[in-house]
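Single chain ahead, by itself, as structure tokens, in the form predicted alone.
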């Protein structure tokens, strides 16, 4: 009861305080109120731009540690200017009736992303999924579909990507028999992996059942080919996997990158010149760490590691946040917003958002500088 009262008073204070601020600015790390005066509840989210409107899909959190599991579903907000957001409700609901459902209430449903398929005019949602009471060992991907960006989305299935398929850059040693001591699930960070991932051959371990997929994002290229980018092999290696033409499954064409570097929270963007960039984080649980970045001239690499893109104070914690999406701003050339979350695992509904302008430097690097307040006019100097 006290927590609810405290949060209500804090949001009220933020709302009153915002009267002295410009209505059209971003304030990273502060409470962000929707059209109902309620803090936006769309964590680990991503944004779809469709018919002159932005659609922000994210995890709906509730109060208390139980909010780290999916008790409600995926929340949607819409905007025409990126500053003001309208609450559109829950577009994918967890199943509250069938305990055998992969998305039964209490499962882990993270980082939902939605893309639009121009060929079949369907909206496709992918997310990291852990069925209830399995911790993080399942490492599955959930897929849902809708005829409208407003939903409702219908859950189709959960899968392990690319079962029975080798990546394009598979090595001969990956195809050798797997020893019994490798057939275990290691933890999500480097401290749990006793050897380099290629020495353990986790790729070969999961060949038949499909590769692990935890933190993820989606990316649609200029040719409308879509890609699923996810942390795999016990979070040690990043996979970039092309989706099928209907975006509902994998095409069987994928590559693995940065083995044993432990990248999670991947995001991807492409500049007008054709350069691809990835911004991700390390694996330190809920605790923030220094972001990583990489660039390539092709989505399937080779990828060049560039280091931490953050250049201001608190850069070693990515400004106390973790990446979730890179948003291209419509109508402005090479204008991108880095979206990140400040996780609050003890009370996840209080989690806040970090949106910062992402600067492209000489088409070789990306930089993230902290801003207490900023607006879209910052891109006019690009």
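Positions refer to the first chain, counted from 1. The structure presented is a predicted model; accordingly, all values stated were derived computationally and were not measured.
Keep in mind that the form predicted together with a small molecule is missing from the display, and what follows is about it.
- When contacts are judged by a 4.5 Å heavy atom cut-off, residue 173 does not count as touching the small molecule in the predicted complex.
- Put simply, residue 274 is far from the small molecule in the predicted complex: not one heavy atom of it is within 4.5 Å.
- By the criterion of a heavy atom within 4.5 Å, residue 322 is counted among the residues contacting the small molecule in the predicted complex.
- Residue contact with the small molecule in the predicted complex: residue 307 places no heavy atom within 4.5 Å of it.
- Exactly one listed residue, out of 300, 150, 136, 166, brings a non-hydrogen atom to within 4.5 Å of the small molecule in the predicted complex: 136.
- Just one of 88, 110, 206, 198 comes within 4.5 Å of the small molecule in the predicted complex, counting any heavy atom, and that one is 110.
- The candidate stretches are 80-88, 179-187, 158-166, 279-287, and the one lying within 4.5 Å of the small molecule in the predicted complex by heavy atoms is 279-287.
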